[in-house]
Each structure stands twice: as structure tokens, then as C-alpha cells.
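Read the single chain below, which is given as C-alpha cells and is the form predicted on its own.
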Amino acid sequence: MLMRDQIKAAVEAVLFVRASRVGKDELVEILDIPLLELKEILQEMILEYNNNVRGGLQIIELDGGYMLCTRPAYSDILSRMEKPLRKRLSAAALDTLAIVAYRQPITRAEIEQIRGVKSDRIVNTLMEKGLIEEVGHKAVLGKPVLYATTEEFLKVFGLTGLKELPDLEES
């Protein structure tokens, strides 16, 4: 049986190696500890990381899992490491992304109906950037592809889940 400090070290190692979200169930399986104990340990770790003002890392809860990542305060410094490959999103891409975020799962035709223009290129760009993905097919004639936002979308916009999206203002 692992001691608490060993479990913390193991969690840290798993999150570091994965470099993306690790679900609670997967951590329970990997570490062979009860879910309640895992949750307690991760809450302790989150507090420890948040209280370590000298540290450049944090553990965040993300869509039913956890992720080890850098603190936002160091984003300017980290951006100097390499030129970002991704350019900023155009207004049309942000519009499309918002439509997908709030209406998901949604088909390309439904996006185009809302936007009033063809959206093939924008949908493909958002997929290339990993912000949206295909999540199935709508059960209608032609079975069009359904799109939804990704874990990368949550990371880019600093959200732990879709419930954190701001409320839509009706006009």
C-alpha cells in the first residue's frame, strides 16, 4: 500500500507524463486507490500547488479529470520559447466556434443555417486546431456529421467544463 506522499508523487508523475487531462476513473485504476481517497489527495495537491507562489505549475480540474499545466502568469515567458504555430482565430472562426460550443452536437448545415454562409473551411480549420471534433452522425437522412468542442477548446479558453460558458444574451 502506498503512503500518502508516494500517492501524491505518483499522481504528479502520471499527470506530467500524460501532459493532458487524466480522468478520475483512470487515476483510480492506475493508482489502485479508492475514488474518495483520490479526490481528497487531489484537492490537497491543488491547494499545495496554488499556495506555492514560487512554482510555475498548477494542477487543474478539467472536465471530470485533472491536468498538470503551467500557471497563466508565465504565458508571456513561455510564448517566447517558440513561435506559436497557431494564429489567432478570425471573427468568423470565433462565431462558428461559439455556435458549436452552445449548440453541440451540431451539423455543418445547422452551423451554416445560423451563420447564413458556407462554413466548410472554418469547420476544417477549427478541427485542424483541435478545437472541435466529429462526435457521430445525426440520425436523419444522409446521416450528417455532428461536431462538438474538444478538451483542447476547454484548455484554450480556461474552462473546466462547458457549464462554465457564459450565458447567452438574447437580443
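Sequential numbering from 1, following the sequence displayed. Quick caveat, the model's predicted, so the values are computed rather than measured.
A second form of this protein, the form predicted together with another copy of the chain, is not displayed here; the remarks below concern that form.
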With a cut-off of 4.5 Å between heavy atoms, is N50 one of the residues that contacts another copy of the chain in the predicted bound form?
no
Residue-level question: is L31 within 4.5 Å of another copy of the chain in the predicted bound form, judged on heavy atoms?
yes
Might L68 be said to contact another copy of the chain in the predicted bound form, defining contact as any heavy atom within 4.5 Å?
yes
Touches another copy of the chain in the predicted bound form: A148 (any heavy atom, 4.5 Å)
no
Across 33-56, the residues having a non-hydrogen atom within 4.5 Å of another copy of the chain in the predicted bound form turn out to be E48, V53, R54, G55, G56
